[in-house]
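Quick setup: one chain, the form predicted on its own, written in structure tokens, and binding and motion questions come after.
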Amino acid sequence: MTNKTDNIYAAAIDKQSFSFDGQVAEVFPDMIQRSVPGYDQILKNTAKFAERFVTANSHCYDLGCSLGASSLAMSAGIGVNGVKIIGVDNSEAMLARCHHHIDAFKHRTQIELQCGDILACEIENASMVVLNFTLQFIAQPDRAQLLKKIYQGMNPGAVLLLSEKICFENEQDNALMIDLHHQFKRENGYSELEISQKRSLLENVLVPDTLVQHTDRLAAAGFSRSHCWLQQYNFVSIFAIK
């Protein structure tokens, strides 16, 4: 199954909001590569975190797994036996293509895909959990409870990788980071119309927090420590240890 170029927003559209439908699933690899600074580094280092933290006979979770890139990255780093990776997503269109992506790559670790709400899924015996640009799509009142559930289902010493688009308290700094991100998208071939339309569709769907809000929420959930290990403009990746 080939991946297509993202030109969904190249012409004027009458959509009211962004959704992970079949149209997005079809172009998602191109969309995320051209839209998210540092995405390749996040995936490469997901494998490195998995190599260091995943323990034998445990579970790994990819919550909001989309097309399975983080699941495959974890599998690439896992060197122990008896591990199962569980990918969960609520978009049937994304999961349908995810199955093809998973099947197209050689991976030594079992990957099980589930269609469902990550707020309702069970987390147990986890040595690693990935939330890769997923929490930002969860309603803000539910975010703390989700992290608490994840924490409770993790084994001592387990790692959570949380990657997110963030905002800044200072309006000038926030505007600067947004502008630099838009420049990044222009350099990757997106037009002003595409950038504007997608931004409008994501408004009130993707609601970012500040970095401090993220780290405070992780501490409140029980994590012993958390650190931002990668940042490019207004995109960050955080690791948190139980």
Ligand code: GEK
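Start at 1 with the first residue shown and count on from there. All of these numbers come straight from a predicted model, not from anything done at the bench.
The discussion below concerns the form predicted in complex with this ligand, not included here.
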| query | finding |
| --- | --- |
| The single option of A69, L211, L201, M177 touching this ligand in the predicted bound form, heavy atom within 4.5 Å | A69 |
| Position in contact with this ligand when the complex is considered in the predicted bound form, options I118, L162, I150, I85, heavy atoms within 4.5 Å | I118 |
| Proximity of Y39 to this ligand in the predicted bound form, heavy atoms at 4.5 Å | yes |
| Non-hydrogen atom contact C98 with this ligand in the predicted bound form at 4.5 angstroms | no |
| F137, heavy atom within 4.5 angstroms of this ligand in the predicted bound form | yes |
| In the predicted bound form, C60 touching this ligand (heavy atom, 4.5 Å) | no |
| Which of 213 to 221, 177 to 185, 47 to 55, 25 to 33 sits within 4.5 Å of this ligand in the predicted bound form, heavy atom basis | 25 to 33 |
